[in-house]
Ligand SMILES: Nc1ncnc2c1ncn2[C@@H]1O[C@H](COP(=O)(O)OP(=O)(O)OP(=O)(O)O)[C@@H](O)[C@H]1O
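Form predicted alone, single chain, as structure tokens, below.
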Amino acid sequence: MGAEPGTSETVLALDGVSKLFGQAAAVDGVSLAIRRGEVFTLLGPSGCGKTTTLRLVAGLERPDRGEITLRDRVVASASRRIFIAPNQRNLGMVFQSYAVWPHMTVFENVAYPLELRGMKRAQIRDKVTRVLELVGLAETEARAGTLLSGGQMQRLALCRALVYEPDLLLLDEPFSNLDAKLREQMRVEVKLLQRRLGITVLFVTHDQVEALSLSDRIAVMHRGRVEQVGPPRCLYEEPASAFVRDFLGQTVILHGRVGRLPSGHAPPVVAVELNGALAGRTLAGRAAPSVALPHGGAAHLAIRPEDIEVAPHDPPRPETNWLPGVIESLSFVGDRYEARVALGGEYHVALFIPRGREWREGERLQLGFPPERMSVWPA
């Protein structure tokens, strides 16, 4: 997790924070600690509470329970009736809409927050010039803000949020209005800028690629609660719940019942006897964290498609953790094939196949399910 609340490494701490709308909890007992200089992302589907959490941090909502601490200063506490106004929290924020003022030039858009703070004109010129140079907008400072491209307006919004050196930068779905190519470009630029400046970022998105590529740590949210917090690779490879497992990336699920271990395997490997058209076959996998898997209990086997091994049908592989299949559909996409493979009955697997050999639709093959890459969950 993060640094402990109250330490010098913690920029932002939420302790048991909840927000109610009527009887429904949009945010339900969230506790987080965000370290100095990291990109921390709130990730989840629509309605999971991530944007409400961001608004609570920004001071745009008041918590009904819990406390929010920024730089060792309590900025919101329901029990102590403390609430610091948004303009007194020293936060920068970039919204989904760029909120560029149409009647101002690029320079004036960035300078305006400093003018509101009563800064001297020479200091404003120095700070605005420096931040515009950082993001490659120095040559546009005299241009009207609305005459910029989408990517340039996004950079302008970032400049305006960074120019007064906030303790924390809040990004609320900042790339949602950009096309796919610009989104990818801005992800790289924001990451490079963040590393160069060493700023702390709280980022909200529902886009998994954005979260995985930008973040030092991610909090996956579901129904107002935090399901799991950790580095991107940890969440992807070691999900702590079925929700995190299925929300991040693609997952192949096979159904069965906990059976006896094949020879050569020992705990924590678990055997699952498959159901349906694959009845009679057994796959072994590792038990998911902190779950009970009684013998005979219904279970799900989960694996990422990219972890499935692909081999020709001949020669046949050992029965354990290999299943025969037939290629139903096949598309060559340059660096690989994209295939849909029928395993029998209701089981169909979508996966990538290396282009090391020729494949064709209708061809029989074998799929390998490495036990160390398979996780077993209660159904």
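Treat the numbers as computed from the prediction; the structure is a model and nothing was measured. All residue numbers are counted from 1 along the displayed sequence.
Below, we refer to the form predicted in complex with the ligand, which is not included among the displayed structures.
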- Query: Is there any non-hydrogen atom of residue 41 lying within 4.5 Å of the ligand in the predicted complex?
  - Reply: no
- Query: Contact between residue 26 and the ligand in the predicted complex at 4.5 Å, heavy atoms?
  - Reply: yes
- Query: Does residue 63 make contact with the ligand in the predicted complex, using a 4.5 Å heavy atom cut-off?
  - Reply: no
- Query: Can any non-hydrogen atom of residue 141 be found within 4.5 angstroms of the ligand in the predicted complex?
  - Reply: no
- Task: Would you mind picking the one in 345, 37, 316, 47 that has a heavy atom within 4.5 Å of the ligand in the predicted complex?
- Result: 47
- Pick from 273, 173, 227, 216: which residue has any heavy atom within 4.5 angstroms of the ligand in the predicted complex? 173
- Query: For the chain shown here without its partner, which stretch in 29-37, 332-340, 51-59, 65-73 has non-hydrogen atoms within 4.5 angstroms of the ligand in the predicted complex?
  - Reply: 51-59
